[in-house]
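Okay, here we've got a single chain as structure tokens, the form predicted alone, with questions on binding and movement later.
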Amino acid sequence: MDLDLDERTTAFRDEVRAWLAENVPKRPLASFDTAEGFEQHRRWEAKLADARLSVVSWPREYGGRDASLLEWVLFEEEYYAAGAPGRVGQNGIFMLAPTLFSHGTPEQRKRILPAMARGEQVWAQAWSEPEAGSDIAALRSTATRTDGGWLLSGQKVWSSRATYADRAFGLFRSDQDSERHRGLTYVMFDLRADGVRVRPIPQLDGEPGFAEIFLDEVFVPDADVIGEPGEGWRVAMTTANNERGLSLRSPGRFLAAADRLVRLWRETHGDTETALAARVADAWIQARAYQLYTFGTVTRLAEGGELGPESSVNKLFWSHLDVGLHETALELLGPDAELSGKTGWPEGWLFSLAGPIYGGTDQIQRNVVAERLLGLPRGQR
């Protein structure tokens, strides 16, 4: 990839930078794990959409602007550098939408994507179950055939955004005689439909960032099945690869955090030499390395490649980079770190600890790397 930006790309980056400088809220929005914050973030999504900046890489007919993958990466860098709000629509935009582009019907894309782009429909991810977390193939929730559609029953858990979201997507076992990854169907459903009960799960801070979803013969039409019934595992791998790979965790997030870490070093230590200096430098270097790796991924995708199991390498790298960045920041802050809530570092550290778990644990990612990339023997399960 030629890293010298052409005239079009430079103009796009400058436009994004100028818009963000003028429109990013001067005061942080409330957490989207609260009812008030959720609505604030929904309005922010609409504002981004008005400027055609909520989904820049999508086709124009769905609210995007046909930006290239490189332009999307640059948009993300500018977005995080500007300190713009977190994306309440990220489950839909970064996981469900790529799945619809790959496996959805034209009717589904036309019906779902524009509302998603504007934050009018916010989506929850409903994959995990009480005995099927990282081992999602062990799920027990069912989809039973009925006239014109399916009846969903079962329980989902750890569903992010489900407390306030509008709709959810998940896998259900549609062939009761099947096992593991066979006989699954990928379904979208309304969180306010008859038979759906959402029970919030308070986090350590007391806010309901997750929820359980109980389903009792919830009807969904055939139009809300993505891909062929029984072929849900293949569809789900598209979602998983985007969650672990480029889409959900672009380098802009870590570049901005690494730059903040360098500024924190200067504020707290100045010219003092300590062993922490090497860790600050190492975090900064890793963030730049991830940026360069991403440019390689963009090149591969532009040439017709796919994310594939390489996404697991990506996931392992960025999840541990995030933990290391925040642990170093807390050590720079010293004994007062836990009281420095206004800096955002303690909250960021708590969230980073979930990185090696959500989207598939480290153990799952290492199994994928060992078996599917390196060709090593299948380990014990």
Partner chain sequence: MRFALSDEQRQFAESIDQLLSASDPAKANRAWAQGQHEPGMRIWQALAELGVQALIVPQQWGGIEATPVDLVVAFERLGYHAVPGPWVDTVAALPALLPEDHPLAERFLPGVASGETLASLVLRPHVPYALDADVAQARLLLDGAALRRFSPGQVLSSMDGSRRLFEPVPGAENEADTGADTGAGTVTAETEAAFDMGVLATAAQLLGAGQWLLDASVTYAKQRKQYGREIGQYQAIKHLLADVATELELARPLVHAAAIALGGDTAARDVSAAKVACARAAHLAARTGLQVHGAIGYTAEHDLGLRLTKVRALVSAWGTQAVHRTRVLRGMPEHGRVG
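Positions refer to the first chain, counted from 1. These numbers come from a predicted model, not from an experiment.
One more form of this protein should be noted, the form predicted in complex with the partner chain, which is absent from this view; the next part is about it.
Asks: With the partner chain left out here, work out from 347-355, 59-67, 40-48, 313-321 which stretch has heavy atoms within 4.5 Å of it in the predicted complex.
Replies: Only one stretch passes the 4.5 Å heavy-atom test: 313-321.
Asks: Give a yes/no on whether residue 150 approaches the partner chain to within 4.5 Å in the predicted complex, heavy atoms considered.
Replies: Because no heavy atom of residue 150 falls inside 4.5 Å of the partner chain in the predicted complex, the answer is no.
Asks: Applying a 4.5 Å heavy atom distance criterion, does residue 224 contact the partner chain in the predicted complex?
Replies: Because no heavy atom of residue 224 falls inside 4.5 Å of the partner chain in the predicted complex, the answer is no.
Asks: Looking in the predicted complex, any heavy atom of residue 280 within 4.5 Å of the partner chain?
Replies: Yes.
Asks: Though only this chain appears here, would residue 371 touch the partner chain in the predicted complex if you measure heavy atom gaps against 4.5 Å?
Replies: Output for residue 371 is yes: heavy atoms within 4.5 Å of the partner chain.
Asks: Of 121, 90, 291, 102, which residue is found within 4.5 angstroms of the partner chain in the predicted complex when only non-hydrogen atoms are counted?
Replies: Checking each option against the partner chain in the predicted complex, the one that comes within 4.5 Å is 291.
Asks: Can all three of 30, 189 and 205 be found with a heavy atom no more than 4.5 Å from the partner chain in the predicted complex?
Replies: No, the candidate spot makes no contact with the partner chain.
Asks: For the heavy atom contacts within 4.5 Å of the partner chain in the predicted complex, list the residues of 49-81 involved, in sequence order.
Replies: 70, 78, 81 sit within 4.5 Å of the partner.
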